[in-house]
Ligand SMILES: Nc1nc2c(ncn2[C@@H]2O[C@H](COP(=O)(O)OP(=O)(O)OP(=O)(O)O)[C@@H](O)[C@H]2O)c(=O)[nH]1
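So this first bit is one chain, no partners, the form predicted alone, shown in structure tokens.
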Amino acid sequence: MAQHYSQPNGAVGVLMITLAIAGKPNCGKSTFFRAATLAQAEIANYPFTTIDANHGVAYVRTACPCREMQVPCENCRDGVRFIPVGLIDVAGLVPEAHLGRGLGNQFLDNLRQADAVIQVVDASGSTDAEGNPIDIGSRDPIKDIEFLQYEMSMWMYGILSRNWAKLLRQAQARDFSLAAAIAEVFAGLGITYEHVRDATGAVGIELRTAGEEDLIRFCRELMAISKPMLIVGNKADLAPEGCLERLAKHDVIFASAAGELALRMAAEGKFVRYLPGDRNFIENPGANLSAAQRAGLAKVAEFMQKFDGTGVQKALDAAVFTLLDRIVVFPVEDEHKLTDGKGRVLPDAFLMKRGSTSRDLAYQVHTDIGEGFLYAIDAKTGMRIKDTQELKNGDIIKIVSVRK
């Protein structure tokens, strides 16, 4: 479900991507959310917006082509461009949430809006299955990874099982597509026929004769395909080495959301110079920091050196650019000055699916422009490109259309 944001010029854009932050209570989800959505006004050309209590706007980071093209740009900071995405901090999940326990229904309903899920896990092992405090290292964080995936797949199975008898009756008709009907059941989750087809093939079952266990495996695969998940080992600054070693086998991004939040607040207060995603920060001359503040920042710096940053921006970027396989394309109206119709340099940055063409970009800019599409020009080379040619990350593209 697309969220909207307002640009300073009054134009309205659409956040095509929404990420959900999921996990059990007290794993640091809300801290991650606060850190990710606390954006300095000068970072990007899009002001921070809170949509409601648990919806916000975060940003993914990429290189702005202004330096490569040697043009002045007011939409980046030190050559770094930040592009908005929707972020949802969903309710904490507890065991048997798919049966309605805790805030399970609220949690799972929020997933409907998400393109991908960032699962926040307590890497320190200092909270039990329901988020209650325990001694550090007492819980194996791997159990939290497994539990969330189980709850999500069982929630989907619950939806499918309630409709299964009716679907099987309809499947008696010769021209009935069971896969298409399942996709329709899950249409509210953004699940397509292709998702159902791929999940069926991956688990190797015949849907018409599938039993309960087969359908649960199918739902688990369908969830993984339609709602891809990135695992973040939060509180890694507190985690024993044993917990870190176990999580490292599961392709986890280690993070300190508390450290990132502290840095962003310090940067907002002009105490330090830091851009989200930087590998370090610099204390500003004359910063009036207390001894406790300076000691806290020293601990954050130590973590960043060990893990190559705080991990929060790395997780956002990985979710969009790796998990969802997006590229960034910059549409312009003047391919020589790299401006829009009002003379603004590189005003827009669009997140596009890898494999998208210039015609796809035209439609994303505006339906009318897409319908009137004639051809496109690569502003970096000055050459006309075919409408079937795949766009590349960082492309600057002029769309020529019979419609404006």
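These numbers come from a predicted model, not from an experiment. Note that residue numbering follows the sequence shown and begins at 1.
Another form, the form predicted together with this ligand, is not on view; read the next lines as being about it.
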item	value
Blocked or open, judged by overlaying this ligand from its pose in the predicted bound form and testing 2.4 Å from backbone or C-beta atoms	open
Contact assignment for this ligand in the predicted bound form, among R81, R326, R264, K235, heavy atom within 4.5 Å	K235
Contacting member of T31, T37, Q364, T357, with respect to this ligand in the predicted bound form [4.5 Å, heavy atom]	T31
Segment assignment from 145-153, 182-190, 272-280, 249-257: heavy atom within 4.5 Å of this ligand in the predicted bound form	249-257
Residue contact check: T339 to this ligand in the predicted bound form, 4.5 Å heavy atom	no
This ligand contact in the predicted bound form: C27, any heavy atom under 4.5 Å	yes
